[in-house]
Every structure is written in structure tokens, then in C-alpha cells.
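Coming up is one lone chain in C-alpha cells, specifically the form predicted on its own.
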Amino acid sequence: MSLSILKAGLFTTVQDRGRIGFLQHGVLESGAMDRIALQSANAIVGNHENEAVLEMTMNGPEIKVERDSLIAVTGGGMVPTVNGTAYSLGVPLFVPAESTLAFKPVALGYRAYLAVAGSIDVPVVMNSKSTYVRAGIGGFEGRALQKGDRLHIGKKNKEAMKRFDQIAQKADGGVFAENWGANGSLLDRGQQKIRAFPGTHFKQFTAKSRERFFQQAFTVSTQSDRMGYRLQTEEDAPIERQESFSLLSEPVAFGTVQVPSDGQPIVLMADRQTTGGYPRFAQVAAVDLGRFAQFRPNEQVMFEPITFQEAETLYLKQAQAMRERKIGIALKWKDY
């Protein structure tokens, strides 16, 4: 054992990049909502990029760290504190045994990711350690963490062990943070709007609705969760179909924008269903899904139109930027 949960926080689960390859059997993908933050946290501590971390929402847990650990916290919404002292997001942090790790809320973001060198050791279910709470599968006993839970930390790989030894030597038994870090967007840090391209049923909505979707602000509903973000129009101006039509259920994806009969869009997220019967109005570009997952309830969001080809190009650029981030992190650790 090495992580003992003293307070659970609002909603803390074990997540990796998701349960890939089982949609045809009706099994959801799940996985981290902000996958750039997940990969960054794992890269900092030397884990494989798909290893399990803790996804913490808005109000983080309080954790007793039972043995010396190298950790990194990325994402947003909170910063880590060790024995009451706050540290920056994205920095490699040595936490001595018997320390108390907690989280201090900050104004920006909604979800933070805690990676530990060696990763969170929970059973693999259908090729993934991710928690799908509604079905009670994966993660820690298929549920969100509770007070009194104790989590194992796995065996460190060669890279994680090397980094742990480096920082432990500098720490000399105390808490220690490196003077560098890696967190946040990889591209277009000034980009405010969420980019999306038309879905398969886009043209079956009125021209006014199609235009308005990319011009007006939407408010993230308090009914939003890991399954979907419900959006509300500011001016009670719903997205309207040209005429009523019925659909058979069709496959949906992370970021699919559905519009039910009330005209208030729903953006499907990591715990979405495998198929849906509402019209697919638009699709959020994969490059912006991590930023979108960091919006809080009652925050406003605006969309910007791009083409499928532009979304694909941005996705490839983001993947290249992540590779460069990992190289930069390795250089900081003097792995080369």
C-alpha cells in the first residue's frame, strides 16, 4: 500500500486512456477526460503514457502518502499541497513517506490528474484500468474513491526508477520540487473558442440555427458529467430542426454534439453511450477535447467552425507537440 485516502474529494476515479476495442460489444471507452493532461503527468514521472492516474474533479482528495514517491499533478482546477505547502502544476515533486498530499482550488480548470512513478496498480479489465462507475467496472472496485480506501503503487519501470532516484537524492528526505514543469495546452495557447466541424445531420437544422451555433455563447449546465456536457443557450434560443425526423441509433464518438428535441445541445464525453438516437449536429475537434473537459458548470463556451481536414491536421500537430514535450521532459531529467 502507499496511498491512503483520508478524504475522498468531490469525485476521484482511476483512469487511463480508456477501454479501446469493445464498442461493438456495447462496452464504453471511458478513460481520462483530459488526455493531454494524463499523458503529460505520466511523461513527467517516467510512466508509460497510458498508465493509470487519479482523475480529480473540482475538489481534490486528501491522501496520506505511505512511502517515498515521485508524483506530478497536471490539468487544472487545483494545485497540490504537501504538508500544507502549495506547489505548481506540472512540476516533478518528491513526497516523503508519511506526508499528507492535498489539493487547493484555483480559479481556472475543473479536472486535475495525479500520476505516481510506478502508476496506480489496479486490475486490468478489458485492456484498461479505467473506472466506469455506472457499470461498476474497472479502476478501484469500479467506483469513485472513498475515505479509507488504500491504493497500491506498481513496480517502477527503468525510466521511472531512474527519475525517482535522481529526485530522491536532491530531496535528501524532505519535500522537493524541480524548478521546471510541463502542463497545459500543446498548441494555440491563446485559443479560446472550441473548434468543431459539422456532423452528419448538420444540414437538417435551420440555417439560422446552424449560424447561431457558432456565434452565440452556451452555458455549461450543472447537469453535466463524464457522460455528457449539457449546454444551455443564453437567450433561450434552441437549435431547431427544419422539420421533424426520426433516427435509428447510430454510433457516436467522444465530442459528438447531439441535439435532442428541446434544442439544447449535449456534447458526449468519455463515459458516453456507444450509440445515440439524437441527431449528430457537430463534432468537437479532438485537439480541443482536453480544453473542453476543463470547463466548469455555469462557465460559458463558444464554438468556432473548422473543416474535418483542418481538425485532422491539428490533431496530427498536437500528437507531434506531445512527442516534443516528452523529449523536452527527458532532457530536463538528463535521460539523454
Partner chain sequence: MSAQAKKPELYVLSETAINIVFGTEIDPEIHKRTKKLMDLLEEAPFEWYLECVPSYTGLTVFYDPIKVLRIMGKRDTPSAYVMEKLREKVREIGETTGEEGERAVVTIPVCYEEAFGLDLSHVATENGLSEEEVIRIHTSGEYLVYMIGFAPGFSFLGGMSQKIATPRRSEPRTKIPAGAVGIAGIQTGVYPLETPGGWQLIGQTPLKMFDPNREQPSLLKSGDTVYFKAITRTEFEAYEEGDM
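Positions refer to the first chain, counted from 1. Everything quoted here is computed from the prediction, not taken from an experiment.
As for the form predicted in complex with its partner chain, it is not shown, yet the points below apply to it.
- Residue contact with its partner chain in the model of the complex: residue 197 places a heavy atom within 4.5 Å of it.
- Using a 4.5 angstroms limit between non-hydrogen atoms, residue 274 touches its partner chain in the model of the complex.
- In the model of the complex, its partner chain lies farther than 4.5 Å from every heavy atom of residue 268.
- For residue 98, no non-hydrogen atom is located within 4.5 Å of its partner chain in the model of the complex, even though that partner is not displayed.
- Looking at 61 to 69, 38 to 46, 295 to 303, 23 to 31, the stretch with residues near its partner chain in the model of the complex, meaning non-hydrogen atoms within 4.5 angstroms, turns out to be 23 to 31.
- If you check its partner chain in the model of the complex, you find no heavy atom from any of 327, 329 and 333 within 4.5 Å.
- A single residue from the set 94, 132, 113, 205 has any heavy atom within 4.5 angstroms of its partner chain in the model of the complex; that residue is 132.
- Residue-level contacts in the model of the complex: of 83, 249, 191, 146, one residue has a heavy atom within 4.5 Å of its partner chain, and it is 249.
- Residues of 288 to 322 lying near its partner chain in the model of the complex, listed in sequence order, are 308, 311, 312, 315, 316, 319, the criterion being any heavy atom within 4.5 Å.
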